[in-house]
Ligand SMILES: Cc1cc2nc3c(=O)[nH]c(=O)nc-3n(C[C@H](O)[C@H](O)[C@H](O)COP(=O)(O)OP(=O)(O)OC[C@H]3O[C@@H](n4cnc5c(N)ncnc54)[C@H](O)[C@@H]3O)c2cc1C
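Below, in structure tokens: the form predicted on its own, a single chain.
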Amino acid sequence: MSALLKPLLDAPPPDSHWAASAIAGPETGPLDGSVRVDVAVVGAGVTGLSTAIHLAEQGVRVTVLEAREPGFGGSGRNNGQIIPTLSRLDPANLTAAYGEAKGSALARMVGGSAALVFDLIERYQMRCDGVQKGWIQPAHRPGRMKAAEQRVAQWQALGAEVALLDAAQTERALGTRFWHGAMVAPTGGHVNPLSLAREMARAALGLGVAIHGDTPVVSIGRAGSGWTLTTPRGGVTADRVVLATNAYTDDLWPGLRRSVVPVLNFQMVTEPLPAALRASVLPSDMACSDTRGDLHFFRWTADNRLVSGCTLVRSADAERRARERTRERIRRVFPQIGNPAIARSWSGHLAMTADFRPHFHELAPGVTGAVGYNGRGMALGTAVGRELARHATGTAAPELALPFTPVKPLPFHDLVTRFSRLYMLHLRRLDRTD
């Protein structure tokens, strides 16, 4: 395990609002002894759990191995927005990168990803404070509306349910004149992400999946035509393996960790706000994240708290500075709130890629992996899990929505990771332009 990752996995769970309000997780004790299954999944975030659910629905024997507990990593720490787009790329970017057929297939998968999440929530009656009232991406400068128009047109051409709002419509939806118009996706929404991960684990267990927490995978190696995964107190032999660890990827598979950059992101939640304020701020109850690189994002909780956050450039005195930066941001965007009291703050890592594309890999015969969701993992990871399950049950790679590419470790990865926050200065500069 890398020196940069070990402290993340050794640390206690964050004192987050999600942890304080989530339903209790199911029992997922460590693996003792050796087992033989069809598919072994490493990582119990949304990608790994979606993979397990979709496999088990087809009668496949699955074991999920998790270093801590379901939802411990990014899946249980993020803002909980369910977003059916990528962070910086539109369908045209995907077709340029992968060709018309594969790029369009990937875009359609992304465009349907939020609907898939809420379908799973409904199908398995998941208790995760799920609200499907849409996701909105407001334009932070007038010139960004041209890009929003193009984005809406590209998604609509693929059949996605999206629309363009003008400034007045955006003001009515968000309760502020801070933005200049928006793209809206009605299939999006928001959840308690830790509750969602725990409920996905519960659904998987109900389908017969074995989930073992506190069971890090120490090594992986060939076993005849399959694979053996060694754990501290046992092991799993499987025909196929899915690696679903994203920003918390270690050195289990050569080069995979060094192909993404983990970026620390802060989340925080206000004290409950009065009903009158609740009615005037984000009155549509949509999840909101705007067009900035230094993202401004907001959503409500079930108990009338506003959740927001930020990414910092410097690490010194980080939590205090993150709180002040987020409070100032809330004051600017929603002046009717005044000076909000922050009840809790916490942090987690998201996995960034140099090309801003999610990366999908066929690492060896029978071994697949997905990393690099660039801050859009909740809906995207769920859809990716379904595709990885299809592949594990025999669907050929050309028929998948996932374009498999070789792993490309970043040069000077550890140095890039240590100084990755400086990239935020570049994004803030770009945010000042159209």
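Start at 1 with the first residue shown and count on from there. Since the structure is predicted, the reported quantities are computational estimates derived from the model, not experimental observations.
Absent from the display: the form predicted together with the ligand. The rest refers to it.
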property: Partner-contacting position among Ser195, Gln137, Thr326, Thr215 - heavy atom within 4.5 Å of the ligand in the predicted complex; result: Thr215
property: Single option in Pro91, Pro358, Gly348, Gly111 placed near the ligand in the predicted complex, where near means a heavy atom within 4.5 Å; result: Gly348
property: Proximity of Gly369 to the ligand in the predicted complex, heavy atoms at 4.5 Å; result: no
property: Residue contact check: Leu252 to the ligand in the predicted complex, 4.5 Å heavy atom; result: yes
property: Contact of Tyr248 with the ligand in the predicted complex (heavy atom, 4.5 Å); result: yes
property: 4.5 Å heavy atom contact, Arg376 and the ligand in the predicted complex; result: yes
property: Which of 394-402, 361-369, 29-37, 58-66 sits within 4.5 Å of the ligand in the predicted complex, heavy atom basis; result: 58-66
property: Heavy atom of each of Leu9, Gly45 and Gln81 within 4.5 Å of the ligand in the predicted complex; result: yes
